[in-house]
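Read the single chain below, which is given as structure tokens and is the form predicted on its own.
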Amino acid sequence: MQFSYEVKDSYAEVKGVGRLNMVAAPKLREVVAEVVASGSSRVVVNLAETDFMDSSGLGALIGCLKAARQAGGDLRISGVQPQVKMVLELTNMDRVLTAYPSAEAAFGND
């Protein structure tokens, strides 16, 4: 899985392409930690090109959420694909990680 990020006006957008599994999860944690350390504590993880997520990926998202909140910010997700949405719903984590249609909408009203 490939990750990239871009710092916008009021948040940073992290994009993931591929499968968010036990191989990719540590890299996501690394990228989000780098973004937060650089001063962007409001993070959107764009999952529009992530077609699969397992429990390791879910754990990485929760760890990233915790890191962002400890830095005084928040982490939100956007562009959630059907399989990823199913994992979030089955684990009730969709209540913690609210999905937004786009990165812009995630922090649009804040």
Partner chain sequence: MTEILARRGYHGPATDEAIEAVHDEMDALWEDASFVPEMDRMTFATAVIEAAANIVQHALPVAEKPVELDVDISVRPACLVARVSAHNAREPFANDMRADMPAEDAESGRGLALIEALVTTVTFERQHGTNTWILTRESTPAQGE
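Residue numbers count along the first chain shown, from 1. A quick note: this is a predicted structure, and the numbers were derived from the prediction, not measured.
The form predicted together with the partner chain exists for this protein as well; it is not shown, and the discussion that follows is about that form.
Among heavy atoms of M93, some come within 4.5 Å of the partner chain in the predicted bound form. Among residues of the shown chain, D54 is one whose heavy atoms approach the partner chain to within 4.5 Å in the predicted bound form. In the predicted bound form, V17 stays away from the partner chain, with no heavy atom inside 4.5 Å.
In the predicted bound form, the partner chain sits within 4.5 Å of a heavy atom belonging to L58. No residue of the trio G39, R76 and A99 has any heavy atom within 4.5 Å of the partner chain in the predicted bound form. Along 74-94, residues P82, Q83, M86, V87, L90, T91, M93 each place a heavy atom within 4.5 Å of the partner chain in the predicted bound form.
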